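In the block that follows, a single chain appears as C-alpha cells, in the form predicted on its own.
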C-alpha cells in the first residue's frame, strides 16, 4: 500500500505547483488553496480509479477544481452552480489583498468561467485537450471560450489602466 502511494505521489508531484495556482485562483488565499490541494492529494493517493501517467495532470486538476467548487458551495450552502456567484467569492478578497498584480486583480474581476479557463491555459499551461477533459467540454469549445476570455481580460486590463491615469 505504501509503495503504491509513493508511486502515485511521484506521478503527481510535477503537477502540484500548477494545481496550487488553480486552487489559488478560486480562493485568493494561499493557505486555503493549500488545504484544498492537500485534501485533493489525499483523495488522489487513496482512490481506486487512479489514471495512467499521461492523464495524471488533467485528472489532478479536475479533482482540485471540483474540490474548490465543492468548498465554495459548502461555504455558501448552495446546491448548484447556477445560483452561485463565483466571481464575488474571489473578487472581494482579491481587491483587498496586497501583493496581487494588476493582472491577478483583472483576472479576479472576470466571470468564473473565463477566469477558470485562463488559469488552466495561461498559468497552469494545460493543453486544449487537457482543459477539455478537466471542464468536460469539447476542444473547440475550449478554444472559443479561451478566445473570449482573453478578450475580456484585455478589456478589463485596459479599463484598469484608464482608471489609473
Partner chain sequence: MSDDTYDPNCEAIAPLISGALDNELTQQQHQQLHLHLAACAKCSKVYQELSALRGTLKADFTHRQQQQLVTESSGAQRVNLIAWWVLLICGLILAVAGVVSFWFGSDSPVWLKVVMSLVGFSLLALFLNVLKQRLQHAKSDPYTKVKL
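Just so it is clear, the structure is predicted and the values come from calculations on it, not from any experiment. Positions refer to the first chain, counted from 1.
The discussion below concerns the form predicted together with its partner chain, not included here.
Contact check at 4.5 Å (heavy atoms) against its partner chain in the predicted bound form: all three of 34, 154 and 158 pass. For the chain shown alone, residue 44 is not a contact residue for its partner chain in the predicted bound form, no non-hydrogen atom being within 4.5 angstroms. Contact annotation for residue 54: none of its heavy atoms lies within 4.5 Å of its partner chain in the predicted bound form. Although the partner is absent here, residue 11 lies well away from its partner chain in the predicted bound form, with no heavy atom inside 4.5 Å. Residue contact with its partner chain in the predicted bound form: residue 113 places no heavy atom within 4.5 Å of it. With contact defined as any non-hydrogen atom lying within 4.5 angstroms of its partner chain in the predicted bound form, the contacting residues in 5 to 30 are 5, 6, 9, 16, 20, 21, 24, 30, given in sequence order.
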